[in-house]
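Starting off, we have a lone chain in the form predicted alone, written out as structure tokens.
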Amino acid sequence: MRGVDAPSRWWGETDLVHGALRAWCVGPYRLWVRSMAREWRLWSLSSHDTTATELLLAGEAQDTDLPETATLTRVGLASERPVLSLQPLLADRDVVVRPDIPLVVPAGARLELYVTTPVWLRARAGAGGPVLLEEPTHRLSDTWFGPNTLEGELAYAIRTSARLELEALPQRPNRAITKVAVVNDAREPLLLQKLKVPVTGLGLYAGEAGLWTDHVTLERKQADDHAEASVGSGPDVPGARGERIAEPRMATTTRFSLNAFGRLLGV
């Protein structure tokens, strides 16, 4: 399907030894974990290099490997047999995506875009055990998405290449791919400068080519500035459907309406 090797899965369970320090690296995100008799210690650090693709799984580490800038989280929890369970999750707010170069959607046209968003990492003491840590693998900027300061919502903002060809999309271990179809049924062209990806209502999948989400369709109506958004089951890309590893953070209907198209696409 793609001309690149599929990334290794960095999530799942790992048996630890009390007192030993283990390290993970998932693109720009680094995590060090030590289980002790009555507590867990987790150090985390995220770099500003959004293009990082390094992947390190449960490597051996020493205290001297810990950067001074890493954030330490201590959790008081005894564990006879320490097992660390890592799980990727989609963002806890919707993400406003700004293409590097705005894209024109002609009148009556349908375009399919592929965008990526950073995932969150949740660490538990064993599968289904207490949550030790949950944070983004890359920290996004806050943004307000709405027609004015009274209407709208707080979201995250990210710039993306918004590729029209999947093969041209850079593959990064800490990002999930979303297929977004934009349908312009209006009589005028649509200048696509930004769009909101409703990641809080999407499921997350582990496929052969990495992480995927449910696909999304954004449809601009012909008569007015009305819009409909629909969430489809699965990535809707041949060969991409894999194991569903995370449910949506928020329950939502698979089809919903917006009374202004700009609230979805920010036009």
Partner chain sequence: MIDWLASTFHLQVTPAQVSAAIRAGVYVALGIVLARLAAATVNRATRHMGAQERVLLRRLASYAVLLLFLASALREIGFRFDVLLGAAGILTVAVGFASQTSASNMISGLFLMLERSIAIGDIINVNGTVGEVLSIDLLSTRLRTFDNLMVRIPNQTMVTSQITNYNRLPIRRFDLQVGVAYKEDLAKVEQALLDIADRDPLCLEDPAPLLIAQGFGASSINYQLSVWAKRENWLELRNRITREVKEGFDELGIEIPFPHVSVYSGSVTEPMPVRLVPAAPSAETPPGDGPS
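Everything numeric in this text was worked out from a predicted model, so none of it was measured. Numbering follows the first chain given and starts at 1.
Another form, the form predicted in complex with its partner chain, is not on view; read the next lines as being about it.
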Original post:
Pick from 77 to 85, 140 to 148, 182 to 190, 166 to 174: which stretch has a heavy atom within 4.5 Å of its partner chain in the predicted bound form?
Top reply: 140 to 148
Original post:
Would residue 196 show up as a contact with its partner chain in the predicted bound form if we use heavy atoms at 4.5 Å?
Top reply: no
**OP:** Indicate whether residue 111 is a 4.5 Å heavy atom neighbour of its partner chain in the predicted bound form.
**Re:** no
Subject >> Touches its partner chain in the predicted bound form: residue 124 (any heavy atom, 4.5 Å) >> reply: no
Original post:
Does at least one non-hydrogen atom of residue 104 fall within 4.5 angstroms of its partner chain in the predicted bound form?
Top reply: no
**OP:** Establish, in the predicted bound form, whether 98, 154 and 159 all lie within 4.5 Å of its partner chain, using non-hydrogen atoms for the distance.
**Re:** yes
